[in-house]
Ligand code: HEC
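In the form predicted on its own, a lone chain appears below as C-alpha cells.
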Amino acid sequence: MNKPSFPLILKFLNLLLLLHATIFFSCSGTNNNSENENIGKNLFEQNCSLCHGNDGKLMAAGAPDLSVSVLDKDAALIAIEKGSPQKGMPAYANRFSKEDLLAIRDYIFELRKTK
C-alpha cells in the first residue's frame, strides 16, 4: 500500500483548517450579532424606554419618535453620547462603554424597521 505524499497530507490539513475556521467564524459572528442586539435592546429598555417607549414611539417629555427619526448612525451616536440637556435627555458617554453605546444605537435603527 502506498503512503500519501507529504504535499498531499499538507493540502488535506490546510483544507481541514480552512473548513474549521469557516465554521468557527460563521457561528461566532451570528452569536455576537445576536448578543449585541440583546445588549442594545436591554440597555434601551432600561434607560430610554421611559421617554421613548419600548418601540421608540412614546414621545413622553418631548422625546422624539425614534421609529421615524432621520438621523444617520453617526448623528444618532452623538445624540446618545451627549444627550440633550435642554430636552431632559441625559448624556450616556460616561455611563456606558463604546460597545454598549453602539449596541443602543444599532437597536434604535432596528426600531425604524418595525414602524
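A quick note: this is a predicted structure, and the numbers were derived from the prediction, not measured. Quick note: we count residues from 1 along the sequence shown, nothing fancier.
Keep in mind that the form predicted together with heme C is missing from the display, and what follows is about it.
Engineer: Indicate whether residue 38 is a 4.5 Å heavy atom neighbour of heme C in the model of the complex.
Structural biologist: No, residue 38 stays farther than 4.5 Å from heme C in the model of the complex.
Engineer: If you check in the model of the complex, is residue 87 within 4.5 Å of heme C, heavy atoms only?
Structural biologist: Residue 87 belongs to the contact set for heme C.
Engineer: So in the model of the complex, does residue 42 come within 4.5 Å of heme C, heavy atom to heavy atom?
Structural biologist: No, residue 42 is distant from the partner.
Engineer: Should residue 51 be classed as touching heme C in the model of the complex when contacts are defined as heavy atoms within 4.5 Å?
Structural biologist: Heavy-atom contact with heme C at 4.5 Å: present for residue 51.
Engineer: Taking heme C as it sits in the model of the complex, which residues of 45-68 have a non-hydrogen atom within 4.5 Å of it? Please list them.
Structural biologist: Those in contact are 47, 48, 51, 52, 61, 62, 63, 64, 66.
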